[in-house]
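There is one chain below, alone, in structure tokens, taken in the form predicted on its own.
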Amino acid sequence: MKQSSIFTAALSSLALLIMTACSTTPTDMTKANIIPKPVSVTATGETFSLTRNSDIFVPEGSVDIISTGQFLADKLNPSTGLDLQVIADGTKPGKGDILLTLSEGDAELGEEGYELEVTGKLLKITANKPAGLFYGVQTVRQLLPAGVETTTLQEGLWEIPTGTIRDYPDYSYRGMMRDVARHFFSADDIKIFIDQMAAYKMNVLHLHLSDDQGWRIEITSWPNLAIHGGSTQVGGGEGGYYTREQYADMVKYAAERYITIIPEIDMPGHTNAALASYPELNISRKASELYTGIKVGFSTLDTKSEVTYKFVDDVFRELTELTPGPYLHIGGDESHSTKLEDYIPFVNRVQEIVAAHGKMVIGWDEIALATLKPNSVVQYWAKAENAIKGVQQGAKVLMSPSKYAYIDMKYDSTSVYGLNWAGYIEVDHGYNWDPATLVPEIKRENIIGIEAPLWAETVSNRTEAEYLLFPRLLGYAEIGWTPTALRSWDEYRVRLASHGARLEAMGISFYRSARVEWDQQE
């Protein structure tokens, strides 16, 4: 009798499991809390489930798409335990599979857009280019429960609502800047940050590699820059620098995630680390002392010396060898110790050096005081009149207004880290601005995109940096990707609330703004 009861109970449990597996749970894809918000979402009200029979199918012979398929498998397998495999042998997908495929040419999707079609049987991502497939994969991650982001096995059903998402970015440049000069951050720290950026479809990482407090990249023709100039940091602690191999590896790692690295060598000011390393770069011909404070504006290269231009040429030559991206950032900001009559010819000549190495120039908005070369980009951070001068010369503008986009600004007066010279930037303030209307004279057609800089005077490790970066990074990602007409703070804050659990699962130390009602399930 006891055995019979056990047998009956087992059959009942098995039947329940079969019924659960075969049932269709009503869903609404339009209520998925995706960041950045997609251009369009259409729901069909059913459910797609990943199971132990699921795999990821990609076209034969496409290294980039196979890599994206493997990226997805590597993200999903540790938490789901489903052992998803990437299949690239021409086999057709079946029920519960994921398909990545290129389209015949969908003009609306452009270079980075994608279409995600989810039925009860198949999840399909279509794009014109591999980058679009990669961004579609990031959306798939967000359609799954937050626990999928962990690196340990999780219990639960791995279900996605059915429907169609069509999505493409508003701006081609969606960037973050990391200052590794004031405090040094290891290559591993930067790789973690690259993954965090990629999860929210950002595509440019600007590395501020030199400043008064430190020089962070090995230059073989001027070795003392890194050895001596990189030996310290703000507060006097041990500094550091990236070897050529480490830097090249970061560039490759970023490129695999469709992120372009742009190196910045700030000049002619913010150069004390270089001046301390090589006395011939100084007007006095005497090496300066290493600097570990946070004041600005006191240093300058000797802009009248031919040695200075050999130095600039050598540095940019070596960076060009290591950096396949189209831009070199020449800094140009806060050069208060350089007379304007010296600053202008210096910037003009440095632009020629950059062009000779086949690159285009980006510089902080002060460079617009000089004569800009075609294809130059002015990064608006402080003075709108400088950026406007750039536009009048035919330059494009990268929007980084300090009052809205500087991530090193405190959230409020109680913030543990950060500065406040540009004001406080709470999460809503950082979200509620439109690059195309902020300065009336700078039109949408003048703007290549946005970038949110994190200056590192007050943060010395990854946990401290993440406090300032998150959750604001998500808002900047949305400003860069989502059309302005589709954005509103009241709606965004609801989506953001659900990402607290996701950020936790990703191991990110973030600021829990009181202006967001974070989901209780966290």
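Computed from a predicted structure; not experimentally measured. The first residue of the shown sequence is 1; numbering continues from there.
The same protein has a further form, the form predicted in complex with a small molecule, not shown here; the description that follows concerns it.
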- Item | Single option in 466, 55, 478, 457 placed near the small molecule in the predicted bound form, where near means a heavy atom within 4.5 Å | 457
- Tell me, out of 378, 209, 409, 350, which residue has a non-hydrogen atom within 4.5 angstroms of the small molecule in the predicted bound form. 409
- Query: Taking the shortest heavy atom distance, is residue 182 within 4.5 Å of the small molecule in the predicted bound form?
  - Reply: yes
- Message: Against the small molecule in the predicted bound form, would residue 346 count as a contact residue? Criterion: heavy atoms within 4.5 Å.
- Response: no
- Query: Looking at the partner-bound form in the predicted bound form, is residue 174 within 4.5 Å of the small molecule by any heavy atom?
  - Reply: no
- Message: in the predicted bound form, is there a heavy atom of the small molecule that lies within 4.5 Å of any heavy atom of residue 270, even though the partner is absent here?
- Response: yes
- When the small molecule is placed as it is in the predicted bound form, which of 284 to 292, 331 to 339, 433 to 441, 82 to 90 ends up with heavy atoms within 4.5 Å of it? 331 to 339
